[in-house]
Ligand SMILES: NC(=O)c1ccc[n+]([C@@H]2O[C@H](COP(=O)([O-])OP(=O)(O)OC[C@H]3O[C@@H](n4cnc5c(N)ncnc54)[C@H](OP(=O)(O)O)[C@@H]3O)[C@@H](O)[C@H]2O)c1
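Coming up is one lone chain in structure tokens, specifically the form predicted on its own.
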Amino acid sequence: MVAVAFLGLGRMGAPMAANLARAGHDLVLYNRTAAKAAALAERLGAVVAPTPREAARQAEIVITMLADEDALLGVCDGANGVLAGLRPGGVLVDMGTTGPEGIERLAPRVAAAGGTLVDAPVSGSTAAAEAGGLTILVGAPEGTFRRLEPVLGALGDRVFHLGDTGAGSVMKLAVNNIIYALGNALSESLVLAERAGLERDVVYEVFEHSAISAPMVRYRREAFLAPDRTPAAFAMTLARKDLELITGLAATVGVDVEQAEANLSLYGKAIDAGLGARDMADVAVYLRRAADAT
């Protein structure tokens, strides 16, 4: 077992850190909200670091699970950042959705600090995170990947090594592009059927038992059926951020992604209507309100 620092203890990060502790790894926690780290550390028997630098100093592997590139740089930079405390030969594993360009910008800086940057974004729900059943998409040098396998195996039941650093982020954007397309198609079709006189719960049940059935359709059921009673699992602002990364990658590699552009536009309209903090499934709420206004 190795010493692992885990930074970012949100809806996904906290259960992931818990699985590392259950697997027997020595765990150091850091979170911007210190009380959250302290409460989790007490439950897991882990150590709390006062700064990202101190967390990195105590660990061989540093894992970040943060919202975006700005948040990642916020814990990496400065006198108290991860890069200031990274051990020689240490590994920084970014498991958020930073995007390949952000990973490319950070990688040489991690190397200059004496370490290796790995991108290992995840696919799966919070329930999958709790069960250690995430799909993990890894971009890393071969030797570094082998070193990380026992750690990543505590977090996911499928770990794909897709190539060198950056490859995992490309794969995550490809997966998320489909997720947003499916989610917005669900919203549109649900509201379409409702407005034509069908019952919402019956419509969704048909979705679940039709050719479009997928894990996301099943586990996001309550978000679509009872949006006002279901906490946001993934905010629209984060979906927009991912789609901006997706369309940016498409422009770089010269691929037309008209569906992604349309989904980006739809999220933008819903966010402008005041729904940015709501779950991505609440595109259906936006569409209902828009229909009522016509």
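Just count from 1 along the sequence shown to find any residue number. Since the model is a prediction, treat every value here as computed from it, not as a measurement.
The same protein has a further form, the form predicted in complex with the named molecule, not shown here; the description that follows concerns it.
Query raised in the report: Is the named molecule close enough to Gly13, Thr33 and Phe234 in the predicted complex that each of the three has a heavy atom within 4.5 Å of it?
Result: Yes: Gly13, Thr33 and Phe234 each sit within 4.5 Å of the named molecule in the predicted complex.
Report task. Quick one: find which of 111-119, 207-215, 93-101, 160-168 has residues within 4.5 Å of the named molecule in the predicted complex by heavy atom distance. Result -> Stretch with heavy atoms near the partner: 93-101.
Query raised in the report: Applying a 4.5 Å heavy atom distance criterion, does Ala284 contact the named molecule in the predicted complex?
Result: The answer is no: Ala284 has no heavy atom within 4.5 Å of the named molecule.
Query raised in the report: At the 4.5 Å heavy atom threshold, is Ser125 in contact with the named molecule in the predicted complex?
Result: Close contact exists here: in the predicted complex, Ser125 approaches the named molecule to within 4.5 Å, heavy atoms only.
Query raised in the report: Is Ala41 a contact residue for the named molecule in the predicted complex, using a 4.5 Å heavy atom cut-off?
Result: Close contact is absent here: in the predicted complex, Ala41 is far from the named molecule, nothing within 4.5 Å, heavy atoms only.
Requested in this report: May I ask you to check whether Ile61 falls inside a 4.5 Å heavy atom distance of the named molecule in the predicted complex?
Outcome: Result no; Ile61 lies far from the named molecule in the predicted complex.
Query - Heavy atom within 4.5 Å of the named molecule in the predicted complex - residue from Ile246, Leu27, Ala55, Met65 - result: Of the listed residues, the single hit is Met65.
Query raised in the report: Given that the named molecule is left out here, which of Val75, Leu86, Leu186, Leu155 has a heavy atom within 4.5 Å of it in the predicted complex?
Result: The residue from Val75, Leu86, Leu186, Leu155 that makes the contact is Val75.
Query - Sequence-ordered residues of 242-257 touching the named molecule in the predicted complex, heavy atom within 4.5 Å - result: Residue within 4.5 Å: Asp242, and no other.
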